[in-house]
Structure formats: structure tokens, C-alpha cells
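To begin, one chain is listed below as C-alpha cells, in the form predicted on its own.
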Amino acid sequence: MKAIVVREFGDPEVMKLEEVPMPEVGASQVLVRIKAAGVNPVDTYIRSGWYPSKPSLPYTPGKDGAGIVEAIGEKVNRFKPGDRVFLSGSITGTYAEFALCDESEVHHLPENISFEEGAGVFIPYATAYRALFQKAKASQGESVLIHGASGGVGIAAIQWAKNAGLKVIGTAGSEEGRKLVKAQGADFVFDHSKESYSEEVLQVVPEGINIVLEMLANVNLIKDLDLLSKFGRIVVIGSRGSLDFAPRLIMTKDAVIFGMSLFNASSEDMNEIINAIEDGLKRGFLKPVVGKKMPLELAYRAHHEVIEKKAYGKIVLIP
């Protein structure tokens, strides 16, 4: 089978399309024919070599994917060949024609969700759910500012928040992205590349923001603290650098800053997340937006784009 293989950490160009052996299916494992694989910023951090937890080389990237069950082990009882599924991880990586998974990493994909959409489910929707509900403890009627709301996690956060009855303020750096954020149901949308966006936000939420979901903390965190209401919460989902700020900004508002990594979630928290995602997909209020589809051999280009271009939906790879 064909798969992307990383033999050394480095720039996106270290990813090469190779012919690799078909995985053998163990007793509690599921082999999935990948129809689409999701590209996430965390994939780029791992590939670069500076992510805290590094896979052994060589490896095939990718945690998100969707496809059809090809084969199952003798102890698997929740799936059968031919089932439509999405993945919350895999043993062998999803940037490939086939992925070997533990049964716990495989989930039924509703008929109303395409494979391309299914490839954009797990990391974005799980990250947004954990940030909003397990960290910030969001509740109906509160306001949430979602930075980078036109990206995969941002769109997921809008959908979760609107369903929970929150007032949603989204930011995006392009006109196209802002139109998408508005179409997803955000109550207000602002251009975070404008110096004046903070003042514009406070015009519509003068009492301050209850919750901020922050995708680029090294750039935005100080402004977030200025926008925050008393007793507000910031959840740091992403950061690509360091910053210097005065802790008194936190003290004066009794604010809380949460750091989070999805992969630190306990098994109980992860089960809650998966159950919520499956329910949201079935009920139809969760619907990933696919911004771009690219062939598997252009995985290196997808890694450039997910970091360097302005976000617009999910990038997926098609084997």
C-alpha cells in the first residue's frame, strides 16, 4: 500500500510517498481503508521534531481519518467489514491507503457525514469540546471569543457554542474566512489583523468576554486579558512562541488561564468527548467544513498551508 513516510524530523519536504507493507490485523484491531485523512497543526509540530512526544522513526503521520472497515480481528464485535467509520487515532498513521487501529479508535460515521467531513472530526471537535466544556466550563448565556474561528478547531467551537446557547464572537484574518465564520452562526465577526479589533469587540460586549479560546497565545494573550470580563477564563489551545506580560493583568480580574493538550485528557474525559461528538453528528448540529482536498502525495504542501495560509475550514488528504 502507499503511505507517507517520515524518516527524519524536519521541514514538510521530509514527508515522502512510499510503498509499505500492508499491516497485519491483531485480535482487537481494525484495518480501515482510508478515504480521507485530516491535516492538523499538531501533525506539523510532530513532523518538525519539536513536539514534546515524538514517534519513533520512521513513521506515517496522521491521527484523523475516515473510511471503510476493511478487516477486523477475531475479538472485535462493534464493527464489520464495510462499515463507514471515522478515527480518533491509529497505530500506523492515517496519511496512507490503509490504517491499522485499535477498536477503541474507530467510531461509526453517520450517513449524513461524508468521508472528507469525517476526516475533519476528531481533533478539531474534541479539542473545541475539551476547551469549552471540560476546561472553561462554558454555560448558556455566556460569551465566548474564538480566535481563528475560520479554521477547523474554530468552526467546531462555533458549532458547539451555538448549540449550548453561548454568544459567539469570532475572528478571522481574511474576508473569505470572516464570511465563513458568520455563515457558521457567529453573532459577531471581527478581523484580528486590525489593531482596532479589541475596541470593536468591547463595543458589542462592553461587560467583557467570559471565555476566550486562544489559538495563537504568543500574539494575542495580552489583548485577551484586556477583553476579558471579571472572573473570565482563557483556554490556550495553540502558541508558536513566547511573550512577556504582567501577571497583574490576571490578578485584577481574578482571571484564569488554562493550558490544554487534548492528549492529556483522561479516559473518562475522552469517552465523554467521543459520546458528545457522535451525538452531535447524528443530530446534525456538528458538520465539519472542508476547505481544501489534496492528493496524498502533496502532504508536504498541506503542511505548509495549514501553518502559513489563513485558515479556511479543514484540509484533507485523499489517498
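What you are looking at is a predicted structure, and each value in this text was computed from that prediction instead of being measured. We number the residues from 1 along the sequence you see.
Keep in mind that the form predicted together with a small molecule is missing from the display, and what follows is about it.
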Go through 150-158, 89-97, 135-143, 73-81 and give me the stretch that gets within 4.5 Å of the small molecule in the predicted complex, heavy atoms only.
150-158
With a cut-off of 4.5 Å between heavy atoms, is Asn220 one of the residues that contacts the small molecule in the predicted complex?
yes
Do Ser174 and the small molecule come within 4.5 Å of each other in the predicted complex, heavy atoms counted?
yes
4.5 Å heavy atom contact, Tyr45 to the small molecule in the predicted complex
yes
Answer yes if any heavy atom of His192 is within 4.5 Å of a heavy atom of the small molecule in the predicted complex; otherwise answer no.
yes
For this chain shown on its own, do Pro41, Ser261 and Ala311 all sit within 4.5 Å of the small molecule in the predicted complex, going by heavy atoms?
yes
Heavy atom within 4.5 Å of the small molecule in the predicted complex: which of Leu216, Ile113, Ala164, Val205 fits that? Just give me the one.
Leu216
Name the single residue among Ile237, Val212, Ala119, Ala186 that comes within 4.5 Å of the small molecule in the predicted complex, judging by heavy atoms.
Ile237
